[in-house]
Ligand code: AMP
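Take a look at this one chain, the form predicted on its own, written out in structure tokens.
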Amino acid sequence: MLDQVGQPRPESVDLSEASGRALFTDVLASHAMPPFASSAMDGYAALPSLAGVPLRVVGESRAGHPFAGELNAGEAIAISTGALAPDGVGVVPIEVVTLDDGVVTPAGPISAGDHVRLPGEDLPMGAVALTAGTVLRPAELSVIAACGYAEVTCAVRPRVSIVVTGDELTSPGSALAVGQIHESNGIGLRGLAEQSGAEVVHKTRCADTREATGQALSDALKRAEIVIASGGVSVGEHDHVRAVLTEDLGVKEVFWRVPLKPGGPTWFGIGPDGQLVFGLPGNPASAFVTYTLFVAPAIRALLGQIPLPNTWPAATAQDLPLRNREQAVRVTLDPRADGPPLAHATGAQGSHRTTSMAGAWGLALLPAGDGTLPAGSIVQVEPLPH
């Protein structure tokens, strides 16, 4: 699937709008950080002197207002944290001096550089502050601002269109008729896509007819670089997604069906204009699992994000039944001091169980096999978006 994903594209983004975005290029420090020698303490700055030597206070350096005079031996200036420190001084904290009638007496000696932050101590000018692919959280945004930039070059967010199929679905908040369920995949997939960094531009629901499915998917392909269909990808008489995509809309099938539980009917293809098209199963847990394992990596690739570790080792907290295909078991993790965390299954794992995803930290990937995987077995866990 990743072999079909195109390259990220750049755009300039105001720093105030860049939260959650991914860097397209490295960010370099436009100046030394800090740009000047500054005090790390509130206190007094002076040239080197011995303990107990009185120093006449001749001025002040405070943040944004440097001392403008010349500092000589036997003199000191009051100085604030972050204020410019004159060349060659040390700073003595205010807590270890006595002040009497404009004369300060330090309890200990003062050496050049004491409690002074040096220019470029954090980053020298031109150094790489953040690398391309970094996701911008509050700390990273603060670094970029400190480097002197009001805008940053980010990867363009891929547009996503979501189509949910099913005659049995009705809108949340409405009364249920006999045989109906409230539609939940659309809101869940929208949240997942936005959490992954994509822009959801379209979401719709359609009936289980070829005509309705064709109209919904045709519209979706015109609106977005990524189309996610939920439901209608299996082999039932009323499953039309695959046929509509390949026979009516010119989407090239790359794969259909994966040896995975839940998520076996998963489908992937390339649209006529290069769109990435995913057909996910309609059962809620299946949709969440296959989004995590297939759609999320595609979005990360389009954003040029730095790859994170795909899985983490964990020990199963209980015996788990094995199947004839790999399983993605929804789990919470319980940290331990003496080994990998314990992975607890989130209750029954049926693909229709929406609640199996609530509170899950990740997907424990169980191998195909017979019998039971005993408690304490080491498995790999794929983190879920949080």
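Residue numbers run from 1 along the displayed sequence. These numbers come from a predicted model, not from an experiment.
Unshown form predicted in complex with this ligand; subsequent notes refer to it.
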I'd like to know whether residue 257 contacts this ligand in the predicted bound form, with contact meaning heavy atoms within 4.5 angstroms. no
Does this ligand come within 4.5 Å of any heavy atom of residue 192 in the predicted bound form? no
Even though this ligand is not shown here, does residue 262 get within 4.5 Å of it in the predicted bound form, heavy atoms only? no
Taking the shortest heavy atom distance, is residue 292 within 4.5 Å of this ligand in the predicted bound form? no
Counting any heavy atom within 4.5 Å as contact, can you tell me which stretch out of 276-284, 210-218, 298-306, 139-147 lines this ligand in the predicted bound form? 276-284
Check each of 107, 125, 135, 181 and return the one that places a heavy atom within 4.5 angstroms of this ligand in the predicted bound form. 181
Select from the listed residues 196, 161, 266, 165 the one whose heavy atoms reach within 4.5 Å of this ligand in the predicted bound form. 165
At 4.5 angstroms, heavy atoms only, are 169, 232 and 239 all close to this ligand in the predicted bound form? yes
